[in-house]
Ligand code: PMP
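Taking the form predicted alone, here's one chain by itself in structure tokens.
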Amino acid sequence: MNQRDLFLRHVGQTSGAPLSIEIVRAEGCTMWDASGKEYLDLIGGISVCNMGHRHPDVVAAAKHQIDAYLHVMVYGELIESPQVQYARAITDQLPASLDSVFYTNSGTEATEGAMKLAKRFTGKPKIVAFEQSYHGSTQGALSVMGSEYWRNAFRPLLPGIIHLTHGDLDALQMIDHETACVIAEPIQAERGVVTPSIEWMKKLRERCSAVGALLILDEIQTGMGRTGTLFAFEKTGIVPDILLVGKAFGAGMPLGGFIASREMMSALTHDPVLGHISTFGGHPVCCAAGLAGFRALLHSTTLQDVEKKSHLFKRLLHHPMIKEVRTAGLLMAIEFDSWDINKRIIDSCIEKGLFTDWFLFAQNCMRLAPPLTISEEEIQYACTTILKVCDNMRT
């Protein structure tokens, strides 16, 4: 059997039509397949590789930690320097109320842990989420996902969850004194990069505070500089009670976390003891790599350049087939008339060495979430290629 046949035979599949491209190397914004074909990566592992593939500082930090130790004990028992250093570094960049990090293996596990923390800390039963939101695919995270299409096949799910319309001011009245938490995205990524008004975000914060509900902001996709600030909530003037991180948090390694106050986080230490626990959460190699990527982001001009690069994409992407280009920094959606047109354009782009994808709740939109390190020349090449594909579609 060749590698593709072995992949289809022995690796659990997520769809009936995987891309099945065998990637053998990646560096910066470029990937190479087994035939030597080069791809400009416009999705960065779905907003994971914010500092590019194999950033030299990240690789060096991971190698250094591997030489020291790998796994030594379940998370939370031993003092592991990479965990401590990363938690200190990231909380130094956050509001004072977000000073304690609970590490997980992924973003969806961060969602799960935050939901448990909210119920434990408030003693309340109800959770509010929003339509067309995505928070992961485990049972709890799936329960707050905002799409019945994805939820229905796996019912029964968690009880006590209601879904409101994201951006609807009147709907916020459904958040009441029985609500443990509200989980929301500051920008709905999988909806095709839809940003609510700052007024709505402020009213959401006010309503949560008024009824004693915790506000959980999911920045798994939008965090770590993706939108031009370290976190998207910084642009709204509000502060969440719990912040979810993942994807780029590990700089290419599997790492997530939920961040809250030390007082709130202590609720997981008693009644019961070990209220939340993970064997591999905060793996030392992942934390060392993530910290190196985070430091590289802070100590370069990468973050400051995000908006300029975003504007360049938007300025260049004009075509009769493109209905709209929505941007939140370097998280972007190119909207076409239909899923069929979008899929044909994506497939053609991949054939031409431009690697891109679509959105779960906006299948007529092409996803652009390249490494933040993408150059202006690479942006011009990407946009020229997309426009040529659109031209070819019209002839």
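One rule holds for the numbers: they count along the sequence shown, beginning at 1. Computed from a predicted model, the values in this text were never measured in an experiment.
Same protein, other form: the form predicted together with the named molecule, not shown, and the subject of what follows.
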Q: May I ask you to check whether E185 falls inside a 4.5 Å heavy atom distance of the named molecule in the predicted complex?
A: yes
**Q.** is_contact(Q221, the named molecule) in the predicted complex, heavy atom dist at most 4.5 Å
**A.** yes
Q) Given that the partner is absent here, does G136 sit within 4.5 Å of the named molecule in the predicted complex, heavy atoms only? A) yes
Q: Indicate whether the named molecule has at least one heavy atom within 4.5 Å of a heavy atom of G290 in the predicted complex.
A: no
**Q.** Candidate stretches 307-315, 148-156, 106-114, 76-84 - the one whose heavy atoms come within 4.5 Å of the named molecule in the predicted complex
**A.** 106-114
**Q.** in the predicted complex, the one of H283, R191, K247, R226 near the named molecule [non-hydrogen atom within 4.5 angstroms]
**A.** K247
